[in-house]
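Take a look at this single chain, the form predicted on its own, given in structure tokens.
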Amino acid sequence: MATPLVRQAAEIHNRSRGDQPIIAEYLELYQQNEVDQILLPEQTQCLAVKTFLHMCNVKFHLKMRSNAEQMSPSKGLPFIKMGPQIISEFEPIVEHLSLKGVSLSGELSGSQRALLKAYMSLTVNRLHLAELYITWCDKLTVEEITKIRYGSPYSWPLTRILPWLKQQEVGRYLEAQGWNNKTIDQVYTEVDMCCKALSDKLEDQYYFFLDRPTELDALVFAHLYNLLTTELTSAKLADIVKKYDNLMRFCERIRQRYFLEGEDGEDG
């Protein structure tokens, strides 16, 4: 049996090799049902957190619940449960785990951290808003996909009322961001400009910073991968991403490294 001194030495050695500290808590990740309910914006946020946890080598237990949005303290998804603590949405989860000693960007310099935050903000302010717009403001998508999936867990009249209320909520948020009056072509242009900026930053590197991934890689992968693979009423978003060969290679590398062995399945 190892002595405390030996265990401490082993921990120092592991950290010197860049390994992540072990999370002792039983970590549960909650999201909506994937087959018939979850929508593009929430699916992307959930994939970003899953990718980040995989990159940190943090094991988690996936819990799919039709009322996950109502269970979340911020109404945002996903949320994780660690003991008595519940933390929702990508950036707060990343920050919380950083306080636990689990970080992918701890070795970045001050200027690199500032640049990482800038690119994360760019990704959220372009790709996330575009996903919300397509999901809740594009009339064809709303009628053929959004209302059906969002209302699927409920019986009439909630199956009609709740999607309408959510659409109003998202509309107010997009209005506050200055996106409510954009045309669909303007949205596509915003996505293209964001992809070009990300492509220019990535160049021929494997990751955006250092020789290993950061939270930016997890976030960008989730957005791009879901734009490529989510079934929508138009393939335009996927076509935009496909214009950038290095982003396509980036997505495939992340997918093969962290998801090739199988999809994350619900365990209860």
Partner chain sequence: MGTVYAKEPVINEDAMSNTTDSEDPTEGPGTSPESRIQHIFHGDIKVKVERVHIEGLGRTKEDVILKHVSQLFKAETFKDVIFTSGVVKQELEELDMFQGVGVLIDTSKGPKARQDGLDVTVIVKESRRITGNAHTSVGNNEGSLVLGAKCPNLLGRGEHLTAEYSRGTRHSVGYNATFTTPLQGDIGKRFTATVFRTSGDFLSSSYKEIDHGTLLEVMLPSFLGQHSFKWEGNWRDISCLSRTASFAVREMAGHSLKSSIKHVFTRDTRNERIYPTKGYLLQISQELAGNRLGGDVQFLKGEAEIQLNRKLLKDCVVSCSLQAGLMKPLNYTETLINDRFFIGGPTSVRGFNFRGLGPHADGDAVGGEAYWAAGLHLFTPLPFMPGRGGLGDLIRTHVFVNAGNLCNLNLAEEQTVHQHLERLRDNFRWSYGAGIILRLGRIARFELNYVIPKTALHSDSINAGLQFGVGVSFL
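These numbers were taken from a predicted model, which means no experiment stands behind them. Residue numbers count along the first chain shown, from 1.
Omitted from view is the form predicted together with its partner chain, to which the following refers.
Using a 4.5 Å cutoff between non-hydrogen atoms, Tyr154 counts as a contact of its partner chain in the predicted complex.
Although the partner is absent here, Gly171 sits far enough away that none of its heavy atoms falls within 4.5 Å of its partner chain in the predicted complex. Shown alone here, Lys182 lies farther than 4.5 Å from its partner chain in the predicted complex, counting heavy atoms only. Using a 4.5 angstroms threshold between heavy atoms, Lys242 stays clear of its partner chain in the predicted complex. For the residues Lys81, Lys166, Lys147, Arg126, the 4.5 Å heavy atom test against its partner chain in the predicted complex is passed only by Lys81.
Site annotation in the predicted complex: the residue of Ala118, Ala197, Leu108, Ile161 reaching within 4.5 Å of its partner chain with a heavy atom is Ile161. Contact with its partner chain, judged by heavy atoms within 4.5 Å in the predicted complex, is confined among 189 to 197, 138 to 146, 69 to 77, 118 to 126 to 69 to 77. Using a 4.5 Å cut-off to its partner chain in the predicted complex, each of Tyr30, Arg65 and Ile86 places a heavy atom inside that distance. Heavy atoms closer than or equal to 4.5 Å to its partner chain in the predicted complex belong, across 218 to 233, to no residue whatsoever.
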